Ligand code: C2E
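Just the one chain here, the form predicted on its own, laid out as structure tokens.
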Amino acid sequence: MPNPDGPNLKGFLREIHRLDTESRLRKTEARLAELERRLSEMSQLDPLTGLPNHRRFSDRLSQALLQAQRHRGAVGVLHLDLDRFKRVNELLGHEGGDEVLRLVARRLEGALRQGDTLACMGGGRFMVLLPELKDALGAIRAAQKLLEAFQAPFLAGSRELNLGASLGACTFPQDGLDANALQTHAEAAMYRAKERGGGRIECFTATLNQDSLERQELEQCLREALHNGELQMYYQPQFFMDGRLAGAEALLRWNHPLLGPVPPVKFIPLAEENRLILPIGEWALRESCRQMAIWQATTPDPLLLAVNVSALQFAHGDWDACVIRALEDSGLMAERLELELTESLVMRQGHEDVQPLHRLREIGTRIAIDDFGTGYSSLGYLQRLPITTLKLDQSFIAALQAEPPEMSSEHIVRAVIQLAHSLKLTVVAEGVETEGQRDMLEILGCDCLQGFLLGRPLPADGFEALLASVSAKRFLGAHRNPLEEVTVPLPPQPAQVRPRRR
């Protein structure tokens, strides 16, 4: 009988152990290879929509260009951006916005040919690759089908949303010979579509290429503007109806040493798109609080400082902490600061999203709804949120004396003022430009006015001169001897509001 501990048995056991180890190693290697394959696959997909991302799109575009070069064919590239998608996020919150993006992705896929590539670039942007086109008209026809996909509303939860899109189109070889050039040119065409109102298709031209370069240069200049001290705060005065100065709205201005004054309508959207609004917005808040604290220390009457808050700032996790730090560092009382948010912004879903408003209101900061009346939401939020002020949108003020009379906004303005007063809210009318508008707002019971009739935005030294003028007039009114003629030189000032008629 063989010895169970003999060398043959031991060798047999060693061989079994070796084979088992090799088998496990092969299985492990196979699992690792599969995991690497899946990770590589995932790295080229957008996790939200499951569509190809920018990396996979660029790879497929490069392959399509090689094929087109061999066969002398054409390739189309489309850049699609949802119009005003920021408002969707403000209305539904980020989870609701994500659901809308998934719905859009499925609908766009259904409008394309088999073999076309739809890629998600994030933030409401999509790229489309159209290989094996016969001519440039094929890209236009495909873009038109995508635009038609937005004719029916999108159902997100219980809400029906009417969305639109801007599309830019370009083709190989007419508009570019490599992947980077084609993507850049399609994007430039898309921006032109947005500038012309959105909901349309624009094709690339040489002029658009120049516009794209200028946009890139402007963005680079804006990145340096804060560091170079090119940004400045202006202050537009607000008045009570009896002519007393109520305060000012702080407005950001950019004066480039070579470009000159850059309009806010041009650089503010660019700052929001590239998240530069976060450092710029914090600087604007701190600077305006610092300046108002200085003025408040020398002015007997309390003044209110209104500062705009962008949607990106609102969505940032610690924006309320930034406000508190600005107040503490400047010494400005919280009661003297009013934060202006757009109507659609405050309609963000979710209890947690609006907690910063409640925390800031608890310390005394005022909360204003800017552009009131232009939103598309229930008025229930006026009671739910800690709002103190409604700012009537200037479009309603401009239409107060419209002809024919049935086109007048008088009834809307009256209703808003009555609603606000019933909720103990202050009403500020923006964009007051004529005496007739001022008179009607007085009759309707408006609380405060702001507009070119009363005063244009002023740099800090200009607003300081206005304060000195107001103080001097108050002093003269209290001490003037009717038997004496007193002449005091006063600095320049805007047109004054007439006292309320008794």
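Whichever C-alpha set is largest while still superposing within 1.5 Å between the two forms counts as the rigid core. Small disclaimer: the values here were computed from a predicted structure and weren't measured. Counting begins at 1, following the sequence as shown.
Another form exists, predicted in complex with the named molecule; not displayed. Remarks below refer to it.
Remark: of stretches 63-71, 462-470, 444-452, 45-53, the one touching the named molecule in the model of the complex is 444-452 (heavy atom within 4.5 Å). Note on the partner interface in the model of the complex: the residue among 187, 338, 343, 430 having a heavy atom within 4.5 angstroms of the named molecule is 430. Among the residues 291, 205, 394, 401, the one placing a heavy atom within 4.5 Å of the named molecule in the model of the complex is 394. Using a 4.5 angstroms threshold between heavy atoms, residue 371 counts as touching the named molecule in the model of the complex.
Under a 4.5 angstroms non-hydrogen atom cutoff, the named molecule in the model of the complex has residue 265 among its neighbouring residues.
The shortest heavy atom separation between residue 102 and the named molecule in the model of the complex exceeds 4.5 Å.
The named molecule is not drawn, but in the model of the complex it has a heavy atom within 4.5 Å of residue 249.
Annotation for 292-311: interface residues with the named molecule in the model of the complex are 308, 309, 310 [heavy atom within 4.5 Å].
A displacement of 2 angstroms or greater separates the C-alpha positions of residue 140 between this form and the one not shown, with the rigid core held in common.
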